[in-house]
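First comes one chain, alone, set out as structure tokens in the form predicted on its own.
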């Protein structure tokens, strides 16, 4: 197996920059998930690895070898597509064996390799069926088995679960994670679904507009987003972002939001003071907002029950957003356990959060402010 390295890699389509100076090391054996909104450059990065797109600038290394100009067929990779790309007229066995047949592997060896891959993915009883006789999840496992028999250095997966129903996606996510643990191979997986990214990746790399925003372990990216984009993208529901005025009082810092304010600990106050900014963007995860005693006044607008939990949409009181402000509205979401008393729509409430759960950002640059 082998690691993958992007070195100042860019891809331009005429005037459109699809990938912008990507520097990213993917160690051998890692399960890296490239995640971001549509058009962020994640699929372009995957296609550059596969050799299906040629980099405009920079280089790409696989296993320490520069493969920037190497043809796709000479890169030891296997790619699993969103569309499965199975041959409808061939049986499951024939689809799995096909890469080995094209390599002139003897029939007995092809059959043995196909049986091994099929057993690993629970396809043993389906070998004589055709794709049209299979469910979406079964077809995806056939596509995985076909990739598996090639024994490639790197597995590439481009949104392979997006066509599956919710229950099958959960099952297949678990199967992919088990497969990665069994093979110890390098997996590079593209998705716009952050649940897939958070649950499957050894690390996740967040892209936006062709640029790498942050890379790290899923929990690290969730707990310490590097900038406003990552803060607003990672998390479901997303992090609440509101702007606050910076008030300097008695040598400390207070952040005023609407009719209330947060007093910052001394370490935070020093960090905000050092920036010299007059307004700051505050990020608070929905699970860290509490209803009860708190400095921020609000009104409940919607209560969404999800069975095990509820999402409470609140309008902040006294907020005055100017044209061009970071946040066009003044709504926040509170994630609440179903065991807690539910507020009523229209009820006036008080919101609070512990200072350790606040995330502060420069509203102009978007960069994180740390104490």
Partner chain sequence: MAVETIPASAPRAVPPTVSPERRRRRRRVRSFLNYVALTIAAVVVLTPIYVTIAFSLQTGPQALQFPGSMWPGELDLSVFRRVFEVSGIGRYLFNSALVAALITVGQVLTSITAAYVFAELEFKGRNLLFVAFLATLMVPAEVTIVANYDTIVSFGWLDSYQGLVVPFLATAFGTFLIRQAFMGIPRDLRDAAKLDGYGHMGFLWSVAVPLARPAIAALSVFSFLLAWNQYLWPLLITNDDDFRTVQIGLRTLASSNITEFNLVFAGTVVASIPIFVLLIVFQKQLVRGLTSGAVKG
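All values reported here derive from a predicted model rather than from experimental measurement. Positions refer to the first chain, counted from 1. In this text, rigid core is short for the largest set of C-alphas that superpose within 1.5 Å between two forms.
The following text describes the form predicted in complex with its partner chain, which does not appear among the structures shown.
Of the residues given (236, 275, 83, 171), 83 alone sits with a heavy atom within 4.5 Å of its partner chain in the predicted bound form.
Only one of 224, 90, 151, 301 lies close to its partner chain in the predicted bound form, with a heavy atom inside 4.5 Å, and it is 90.
None of the heavy atoms of residue 129 is located within 4.5 Å of its partner chain in the predicted bound form. The shortest heavy atom separation between residue 79 and its partner chain in the predicted bound form is within 4.5 Å. Using a 4.5 Å cutoff between non-hydrogen atoms, residue 313 does not count as a contact of its partner chain in the predicted bound form.
Contact check for residue 141: every heavy atom lies farther than 4.5 Å from its partner chain in the predicted bound form. Contact annotation: its partner chain lies within 4.5 Å of heavy atoms from the stretch 142-150 in the predicted bound form, the single such stretch among 227-235, 142-150, 291-299, 183-191. Contact annotation for 17-53: residues with any non-hydrogen atom within 4.5 angstroms of its partner chain in the predicted bound form are 47, 50, 52, 53, listed in sequence order.
The Cα position of residue 130 differs by 2 Å or more between the shown form and the other one after fitting on the rigid core.
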